[in-house]
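For reference, the chain that follows is the form predicted alone, supplied as structure tokens.
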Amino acid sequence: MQSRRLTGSIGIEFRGVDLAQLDDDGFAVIKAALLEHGVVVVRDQNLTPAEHKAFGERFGPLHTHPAAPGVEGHPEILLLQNYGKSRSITEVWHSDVTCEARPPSVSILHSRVLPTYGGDTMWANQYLAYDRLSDGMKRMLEGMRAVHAAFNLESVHPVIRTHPETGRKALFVNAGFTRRFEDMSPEESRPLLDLLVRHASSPDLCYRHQWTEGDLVMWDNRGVMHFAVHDYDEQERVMHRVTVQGDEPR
């Protein structure tokens, strides 16, 4: 198993590992890397749907998306494919399904069919986004809560979240699901929300992944946002994603 860091802020890559045959010691290495680096890229994988789910279940019970379709026979595997740029809902900075009371903790995305160009995915470190806020902004946001809504679901979560495993604080608002701050209107909330998302997606907090055949990328939604770029026109792009059920953010 060989590894290398991907940026100074986020991400690590592994080669020479077969996730379908990973023993407990190897899994412990992968999980520790995920908690430390936020994003883990594993090259040269070819997991069957059953193997994909089995690997996800090592992190915990699997989550089923409340609105999007799954792979036939495997509702826990979200099917992501090209519906056209005008119908894309991924070109926005977000953490997965934060409209739920217990949003997913870990997402595991496996490339199946790739376009000949484009289709990159970006991730941003929300631990560092919090760390780089001014002391005054941290004091203001501490204790604030925000309303997240989509798919006829609505939940209220802390703006500053403490990771249940690392104990680190992370900024926990996003452009995809966060609608407003609690006890504030959307109009009152928008300037601060926009400021926080811009701050949290600064290029020096990000890793941009150019997909190749066999890539599997996992990330920690409790401390990471992501953005999927739709710049591949009408080409086929098929991805399978498993997500792990998370805890109520605190």
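Predicted, not measured: the structure shown is a model, and the values here were computed from it. Residue numbers here begin at 1 and follow the sequence given.
Omitted from view is the form predicted in complex with a small molecule, to which the following refers.
- Remark: of stretches 94 to 102, 130 to 138, 167 to 175, 146 to 154, the one touching the small molecule in the predicted complex is 94 to 102 (heavy atom within 4.5 Å).
- Using a 4.5 angstroms limit between non-hydrogen atoms, Ile10 is distant from the small molecule in the predicted complex.
- Contact check for Val159: no non-hydrogen atom falls within 4.5 Å of the small molecule in the predicted complex.
- Among residues of the shown chain, Thr116 is not one whose heavy atoms approach the small molecule to within 4.5 Å in the predicted complex.
- In the predicted complex, the small molecule sits within 4.5 Å of a heavy atom of Met239.
- Judged against the small molecule in the predicted complex with a 4.5 angstroms heavy atom cut-off, the residues Ala50, Phe55 and Arg112 are out of contact without exception.
- Contact with the small molecule in the predicted complex, defined as a heavy atom within 4.5 Å, holds for exactly one of Tyr207, Phe181, Trp219, Phe59, namely Trp219.
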